[in-house]
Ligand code: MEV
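As a starting point, one isolated chain is supplied in structure tokens, in the form predicted on its own.
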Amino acid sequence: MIKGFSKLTKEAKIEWLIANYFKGEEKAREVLVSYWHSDEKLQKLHDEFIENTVSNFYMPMGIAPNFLINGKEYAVPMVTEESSVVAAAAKSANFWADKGGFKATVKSTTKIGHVHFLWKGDNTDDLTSFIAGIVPEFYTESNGITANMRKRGGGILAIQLVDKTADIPHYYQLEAEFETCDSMGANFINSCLEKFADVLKSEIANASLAVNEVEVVMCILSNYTPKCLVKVEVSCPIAQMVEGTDMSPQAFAERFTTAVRIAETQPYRAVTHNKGIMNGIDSVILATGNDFRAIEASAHAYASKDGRYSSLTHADMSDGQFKFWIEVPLALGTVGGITGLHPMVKFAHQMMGNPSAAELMMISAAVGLAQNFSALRSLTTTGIQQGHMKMHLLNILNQLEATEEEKAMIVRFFIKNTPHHAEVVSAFQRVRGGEVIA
């Protein structure tokens, strides 16, 4: 055990780490230092993003071009370590570009937070009337916090009491709705909620209620944002659903729609189905400096909103048209946090034309829909492994430390074959042994 670790310099932290967990090996130190940025000022910036920093952890940034969304073309930044994600999104973007592209609509941008508290009175109607009477005080007392947000068109939208005593004895919520414009708004919302709690405790102490005391348990925004919702869809005549296999457009569309229906009704499939969607969405969230953990949690909660975990995407075939769409909650920000600090995050926003939060919601959801389309296209035709393993082939060869010449020969060998791991290792061993494979 070590005390005061956070107070050590970065170099001292590394010395302790190497001595205790790497038996003093210099190679471990070399790995950490090799990922430091050569620009000391930039490295210091990265060091201060989190606590106890010892190095940087690189993730590749790829670009998915040709995303036509509401008539505007985007090259979308995607940060991910998983093979085939960027390629799949780009392939779908190309497929839909000449069919009208992606049609996106932000349905709402409302975020929610709660003051969780206990009140041990017997008459909930009295508490309800009391809260309704002091709502103006919540607005007035938080004016200093909300002033700048109100100037930008945001602020507090609504405040109400929610009775949760059926779940937990004496438990109530003060539920507030917010508009945070281009900011994700976590700090803003939490500051407002804490002010509401102060007002609640002060006002109830002077109220003519049988019980004039509350116990505030916590004040916190919710990362479940079902009112911060975006919808994106693609559509075309079924006759244009040409996959490039021996399947007819009608057969492909029918099988694709059935695959979506399976995800809508079968949770085991739905989890993997939605994970693929989030492969796309998360990569954009990471690239733009947003909180992918919050987005993941909200999306999966939304997938369960009807009492059973289900697909986030849906498909329909009617009147000769194929239609495929996603509806997903995405609480995003384009100002605040690291969006103005991290150079690559700033680059990502600039590349997309510095989108508003609402525009970024549409872009992210479109990438999720594109990712899902590619995955289902592969699953219902050639199978997922052929394309995925070919993208994974270079990862395997890099692990084997193959030379560029060896890589080129092995890649050519697997052009018409699915490169399973054992087969790649076998081919590598033959090439390394001097055999020419073809």
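Model, not experiment: these values are computed from the prediction. From 1 onward, residues are counted along the sequence shown.
What comes next is about the form predicted together with the ligand, which does not appear here.
Under a 4.5 angstroms non-hydrogen atom cutoff, the ligand in the predicted bound form lacks Lys111 among its neighbouring residues. Put simply, Asn279 is close to the ligand in the predicted bound form: some heavy atom of it is within 4.5 Å. Contact between Ala375 and the ligand in the predicted bound form is found at the 4.5 Å heavy atom cutoff. Put simply, Arg269 is close to the ligand in the predicted bound form: some heavy atom of it is within 4.5 Å. The candidate stretches are 144 to 152, 342 to 350, 101 to 109, 269 to 277, and the one lying within 4.5 Å of the ligand in the predicted bound form by heavy atoms is 269 to 277. Between the ligand and the residues Val54, Leu379, Ala402, Leu393, the one pair within 4.5 Å by heavy atoms in the predicted bound form involves Leu379.
A single residue from the set Asp198, Glu82, Glu213, Glu137 has any heavy atom within 4.5 angstroms of the ligand in the predicted bound form; that residue is Glu82. Contacts between 301 to 323 and the ligand, taken as any heavy atom within 4.5 Å in the predicted bound form, involve no residue at all.
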